[in-house]
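Read the single chain below, which is given as structure tokens and is the form predicted on its own.
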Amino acid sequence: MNIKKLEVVSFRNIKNAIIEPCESVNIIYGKNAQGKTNMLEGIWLFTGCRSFRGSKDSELINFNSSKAVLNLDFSAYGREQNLHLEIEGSRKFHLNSIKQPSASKIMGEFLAVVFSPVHLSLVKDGPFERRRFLDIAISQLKPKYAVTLSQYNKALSQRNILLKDLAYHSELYDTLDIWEERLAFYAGEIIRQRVGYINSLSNHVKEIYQGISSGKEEIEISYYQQCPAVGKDRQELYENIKALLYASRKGDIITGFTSVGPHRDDLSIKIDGLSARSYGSQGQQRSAALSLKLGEAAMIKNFTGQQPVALLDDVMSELDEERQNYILNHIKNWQVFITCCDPNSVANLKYGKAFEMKEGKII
């Protein structure tokens, strides 16, 4: 999957910019607030997802315009394709000149992964961000997983409500069985899918991190369960989770929330045997987060047969020269876009293209 041409009009601070990238590494460099991240954000919108910066659609339009227009020529699935996006109140897509009913209908047509400073939360913040990373990554590959997750969250909410009500309505106690059976069923599938995904992701992450660190450090990722629920098959896992829920009832009634299940689990990330969150340097934490995102890209390729475009925003910060060199010159056979402020980074680029951005224009 490769971008052939991108045109951006009235998007954020970009009035009109055209870029024709190469099929390998493309660097967009310039001072702060010139529009570098906006270019990556524009590319990302063609995945059908919302802004990775959490922005509303109305915030994406240039102050002096009523709408933003973006056009993408790309190759995917063995043919040349085109995606056209207009943002005017809402997002409107055309795929190969055919109007699409919604953004969700184009998901899977253009594939990308994005790394930005906000993704450092994967390593630096609490378990919620890591669970979210897993759930989104798996859902992209297996849409049914998102349905299972939604059903689990509904059952979890109902059990939590019931736990609070039991203080005033003890006659409802027997209904806990109903919600725990549902929770155990959905929880088992979530855990099974997460463990399977991490087991496959692990090899990619290890290989990428070894390259970034020049083999000087080793990363290890694994699934961490606060209350381990294991099983050789679905039924055994279901029974074990149900038993854990039953055993936790007394404490859960006191606290008013469910203490057992995948909503309490975590993705463990260790560098040389130590917690990356607690003991990793800034460079190590950034390298770990980047390895997870590039590993996600490798998983997408394995599943779809298409190599997603990599969008790496401000990835060079806090990385030493060796790590920068790997990113610039050793990510091969796929298209990568990198933003940076330091023009000296461009001098280290052996293959690829560099674009300077100033005041929302490619110069």
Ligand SMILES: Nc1ncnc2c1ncn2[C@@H]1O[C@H](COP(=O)(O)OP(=O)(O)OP(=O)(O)O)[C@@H](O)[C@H]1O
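Residues carry their position along the shown sequence, with the first being 1. Computed from a predicted structure; not experimentally measured.
Omitted here: the form predicted in complex with this ligand. The next part is about that form.
Can Leu60 be called a contact residue for this ligand in the predicted complex at 4.5 Å between heavy atoms? Leu60: yes, in contact with this ligand in the predicted complex.
Evaluate Gly35 for contact with this ligand in the predicted complex, applying a 4.5 angstroms cut-off between non-hydrogen atoms, and reply yes or no. Heavy-atom contact with this ligand at 4.5 Å: present for Gly35.
Would you classify Leu349 as touching this ligand in the predicted complex, given a 4.5 Å non-hydrogen atom cut-off? Although this ligand is absent here, Leu349 would stay clear of it in the predicted complex, with no heavy atoms inside 4.5 Å.
Is Asn16 near this ligand? Define near as a heavy atom within 4.5 Å, in the predicted complex. Although this ligand is absent here, Asn16 would stay clear of it in the predicted complex, with no heavy atoms inside 4.5 Å.
Just to confirm the contact call: exactly one of 299-307, 26-34, 42-50, 315-323 touches this ligand in the predicted complex at a 4.5 Å heavy atom cutoff, so which is it? Of the options, only 26-34 has residues within 4.5 Å of the partner.
Within 4.5 Å, heavy atoms only, which of Val9, Cys341, Cys22, Ala354 is in contact with this ligand in the predicted complex? Going through each option in turn, the one that passes is Cys341.
Select from 225-261 the residues with a non-hydrogen atom within 4.5 Å of this ligand in the predicted complex and write them out in sequence order. Nothing in this stretch is in contact.
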